[in-house]
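Single chain ahead, written as structure tokens, the form predicted on its own.
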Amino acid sequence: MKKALAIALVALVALSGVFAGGAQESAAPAASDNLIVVGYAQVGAESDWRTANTQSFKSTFTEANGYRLIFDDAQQKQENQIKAIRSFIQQDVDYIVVAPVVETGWETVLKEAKDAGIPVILSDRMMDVSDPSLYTCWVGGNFIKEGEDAGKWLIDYLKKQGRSNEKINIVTLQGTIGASAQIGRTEGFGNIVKTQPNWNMLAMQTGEFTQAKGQEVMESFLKSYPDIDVVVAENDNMAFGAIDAIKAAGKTCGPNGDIIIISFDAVAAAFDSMIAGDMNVSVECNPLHGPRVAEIIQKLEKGETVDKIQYVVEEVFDTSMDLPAVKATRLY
């Protein structure tokens, strides 16, 4: 491991505590420290899923487990993440982990990390780069499959309801445009829409993965389209906002309501929403990436090779299940 960081820089890091417009919560260790130093550039804290994802890293990369974590909250700004990565390089960390805000615009800073000999591991979201060797590997969900799973669920649900041949009007609350989850889920669900000639996608608009923006966009959809059958929200928090907007408009949603709610992530609050009868289904996006990234780092420490793409296991949860029992077994 590299331990070349000057003591003066360590002191400066410890005093400042904030870099790149985001909050860095741990200073780099002194040269005598034997811990593996990991710099993690997180997107932000825009959703319950992101909170669980952050906690997974913080609970994994602890001193008790042999790590020192330098955590940076980029507040959903790519420029903050780029500055954070450069800060990690300057601090001579052993590994950099990034959950990129968007897919493009990373080539220069990744080359800087490669030139410094620091492996970069991508978590959750992918980067679109011309040279794949600029990052070591990626860990996350299969977003296209998640979107397709949501579409397949809707086919089965409508069949059970005797509505397979009805005209189905759909609106989509997209995530942050350009984010891997948004791109994959939009594409995956769109693949299924193409196979269903009676499905009509009325509109798609970003809700930025937040509850407040999801509610705002849903309010606009309800004013523009009086006959919405299905809402596809590309994360749970936007679904919660959409549900609030639907209720405020005097409509109902869920298994016994006017509008079918399809969501993604399957956080604890989504189970509560399904149990309450407001949401129909949530396609899991497993946020517990910390242990998988730790496994990768341990392999790299031993000089072993790792797979470039590593998917986490994910399921589909809906109101036909014993949701209280399922929720009781989950970690997030």
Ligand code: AHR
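Quick note: we count residues from 1 along the sequence shown, nothing fancier. Being a predicted model, the structure only gives us computed values, none of them experimental.
Although not depicted, the form predicted together with this ligand is the subject of the following passage.
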| item | value |
| --- | --- |
| Options 114-122, 197-205, 214-222, 227-235; stretch whose heavy atom lies within 4.5 Å of this ligand in the predicted complex | 227-235 |
| Proximity of residue 47 to this ligand in the predicted complex, heavy atoms at 4.5 Å | yes |
| Interface membership of residue 209, this ligand in the predicted complex, 4.5 Å heavy atom rule | yes |
| 4.5 angstroms heavy atom contact with this ligand in the predicted complex for residue 143 | yes |
| Interface membership of residue 93, this ligand in the predicted complex, 4.5 Å heavy atom rule | no |
| Option touching this ligand, based on a heavy atom within 4.5 Å in the predicted complex, out of 260, 246, 181, 171 | 181 |
